[in-house]
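One chain is shown next in structure tokens, namely the form predicted alone.
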Amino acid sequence: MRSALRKLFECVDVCLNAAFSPAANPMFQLGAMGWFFYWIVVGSGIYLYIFFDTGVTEAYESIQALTESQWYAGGIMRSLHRYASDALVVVALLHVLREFAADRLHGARTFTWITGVALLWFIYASGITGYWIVWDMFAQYVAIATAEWLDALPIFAEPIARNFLHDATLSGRFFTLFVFIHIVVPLIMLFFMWLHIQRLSQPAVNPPRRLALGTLAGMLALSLLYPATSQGPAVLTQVPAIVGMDWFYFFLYPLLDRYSGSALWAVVAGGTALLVLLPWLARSRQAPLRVARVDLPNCNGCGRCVADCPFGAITLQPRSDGLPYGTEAVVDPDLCVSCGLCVGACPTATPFRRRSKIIPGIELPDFPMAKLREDMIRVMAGIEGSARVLVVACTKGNSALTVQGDGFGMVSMPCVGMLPPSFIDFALSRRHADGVLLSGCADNDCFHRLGQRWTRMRIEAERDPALRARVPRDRVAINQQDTVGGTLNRQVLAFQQRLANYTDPGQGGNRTCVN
């Protein structure tokens, strides 16, 4: 199932990349879009609450006044509140499916996964209570069905459904309680959203500006064309015969007419338990690597590995070996995902050493830099032709499975961000290869979050350690597109053609080739 989902997402990515470009592909921004919709819900909710009357009989009238008399402001805000809430459900569910399909739920990511499952409960609790307080016919259906479903749990002294026998039994205090719940739950949810990302370095909480503005414009247009409206006032002495259903939130409710509340609670509890246990039930496709290891004689406590770690697994602590440096890098094994980005950030990870062994200040025990240098020399020695290309591929992407042909060789590593820029310099300045192509995950969807970004910035000399200016940028290419359907082969061939036409190897270019 995971493999099928991954292929489906890859096909969708190809289409959306063509329509929006990889930088604005909404499927690459699901987490950030969730934050965006949350703030729309909160902002519009604050405006609605200013004019909302919490009385049982007054609630419907105040909502109607907002929708009809103040359609240009309150009506639009109500519609934005509704559509942003539905969109939050969609992006949250897609985010869960995508992380599962990409196998991003093990090790240090397990905590983020579990808090994400908890957030699903908060989203649905907020939405259900939100429909309740409108107090129209649909709210009446939701209130009675929810109350009867809650009564199936043996935790209440008296049945909640008794409050909805007729209009006289529904007290204003009970109604106000659920208004309070609808306000408090999103506040608690905000804390869990912070908890969800607090282990991540530089989490994406804001989508690209053009994606955010385009989405907001689309929702405003939808609010004007199809405004959210009420379905008639609630009357507890009458049973609503037909109600318009919001299937994003209430897809389970029709089942309450056929199955008991206890059975449905068992399904929901079982589904939640399955999601929580998935990190242990669904085995990773990749064998676990040993965590990064610090070699203190080669570590001067510069902090570059700390800044580049995508999961905050590395910290600087007081020196423990007596060397004349103030700090040293320390790796938390519970947070390290063995991505190797810290190795790519270490200035001592260089292949140019001759008088001493190649042992950087930090590296992965399963991917030592000394062996990488040997593998690169061996692979490059077997490349023939006038446009020899060294392909450095990420083991998490599809590139290692699809690339084949003449005139190039390939080495793989956990993430292209693990490759120190000095290794590119070594391959080109020593004439081992005519060009280096870095092929990682799809752009903006790096398995290790920041690998593609740091790689690009290092090559463009925007982040240390930077690729030296003497290296011709026209001889370095970054594969930023999807590798579905063998497109990497075509990109390598296109890169070889450009290299064949490159006639001035002594001058460094001022740009990086991007396929």
Partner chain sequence: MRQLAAIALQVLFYIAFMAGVGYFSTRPAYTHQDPALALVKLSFSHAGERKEDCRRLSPEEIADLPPNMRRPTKCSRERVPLYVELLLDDRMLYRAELPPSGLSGDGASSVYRRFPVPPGTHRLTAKLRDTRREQGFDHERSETVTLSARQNFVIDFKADIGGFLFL
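In this text, all values refer to a predicted model and were calculated from it rather than measured experimentally. Positions refer to the first chain, counted from 1.
Although it is not shown, the form predicted together with the partner chain is what the next lines describe.
When contacts are judged by a 4.5 Å heavy atom cut-off, V239 counts as touching the partner chain in the model of the complex. The closest heavy atom approach of D445 to the partner chain in the model of the complex falls outside 4.5 Å. Contact check for R258: a non-hydrogen atom falls within 4.5 Å of the partner chain in the model of the complex. When contacts are judged by a 4.5 Å heavy atom cut-off, R162 counts as touching the partner chain in the model of the complex. Contact check for F28, V56 and V185: none of the three has a heavy atom within 4.5 Å of the partner chain in the model of the complex. Between the options A102, L195, V90, V267, the residue in contact with the partner chain in the model of the complex by a heavy atom within 4.5 angstroms is V90. Only one of the listed residues (D334, D366, D295, E148) places a non-hydrogen atom within 4.5 angstroms of the partner chain in the model of the complex, and that residue is E148. Stretch-level contact analysis of 153-161, 308-316, 287-295, 185-193 against the partner chain in the model of the complex, using heavy atoms and a 4.5 Å limit, identifies 153-161. Interface residues of 427-458, taken as those with a heavy atom within 4.5 Å of the partner chain in the model of the complex (partner not displayed), are absent.
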